[in-house]
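Next up is one chain by itself, shown in structure tokens, the form predicted alone.
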């Protein structure tokens, strides 16, 4: 189909520009309000069109020059065309829309990233099977865009990217590589070959991170927070919420990023983690730092029993959010406060709405959004509820 001309009138989740063409809504990524653009329709339905930006005929007032030469192709970032203050405004508005859609009305405290660029300490690199190029996926595609440089990667991950691009020792069937960098500048990697992760010759499989509560072993193949600066801010807020906690349960605790700080204030902390390797690292991290008040329990929390003496619950689920059985466990628990840390506002809103349906005793105290992923539409959110 030929290109169509669209004027962007407003934003629509998750950060697309929205215009109209012959009565149909047209959603266009990487546009700003006021842009007059040429768009190639990629998907057309009866009432809407999803388009690809081909040309900015006349830029809107809030459009800025993009410094990344790969931005038009790479799917890693989607808000670099907006000034940073406008990115935050857009993200806050999108979050409020998502919450309102679930019947949740609340204020939001928005925390900016200390660094807009070179903040990302975790990444999944992709490798083109035909060309061998290393980079990231094209937007809405499985094609690989090779990127020799990246504005958002931490210096240590840029060093790893360079090694991946020039190394002749990569496994022939490798299609992706998990990269993880520490704040001190070390990096680790684990490559995916088929359904397995394996080490790369001469490269560590894990790094040591320290958020101020002891050395923390984090594996490249496991979960780790992307932005250490934001993670430290979140830890400080988490500890303020839990200042009077005694018996704490942490669901989806990983290798202990939040567990070690919580252990400094809790009389007893029970951590649940379905990944047995992550739980084992968590135990080692607790032992290494002489925390004897922490118990890591391996296995799915849906099948576990929460402590009867519980007064505080901390949950940090994956993007899919909480299983309905976990929501029921929260309601049946004796916890007087709940801290829900989320990387997906949509599932956060859904879970909080479920919680409200089952137990009106939980009420909002505060909601804080952290710009963990500057330049993208993603947010990290911490909701604090009290009974």
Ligand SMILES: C[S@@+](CC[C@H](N)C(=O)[O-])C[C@H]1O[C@@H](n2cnc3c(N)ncnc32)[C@H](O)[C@@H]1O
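Positions refer to the first chain, counted from 1. Model, not experiment: these values are computed from the prediction.
This next part talks about the form predicted together with the named molecule, which is not shown.
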Quiz item: Any idea which of 46-54, 26-34, 332-340, 315-323 reaches within 4.5 Å of the named molecule in the model of the complex, heavy atoms considered?
Solution: 315-323
Self-check item: All of 225, 257 and 301 with a heavy atom within 4.5 Å of the named molecule in the model of the complex
Solution: yes
Quiz item: Looking at 275, 192, 311, 163, which has any heavy atom no more than 4.5 Å from the named molecule in the model of the complex?
Solution: 275
Quiz item: Which one of 119, 84, 252, 291 is close to the named molecule in the model of the complex, taking close to mean a heavy atom within 4.5 Å?
Solution: 252
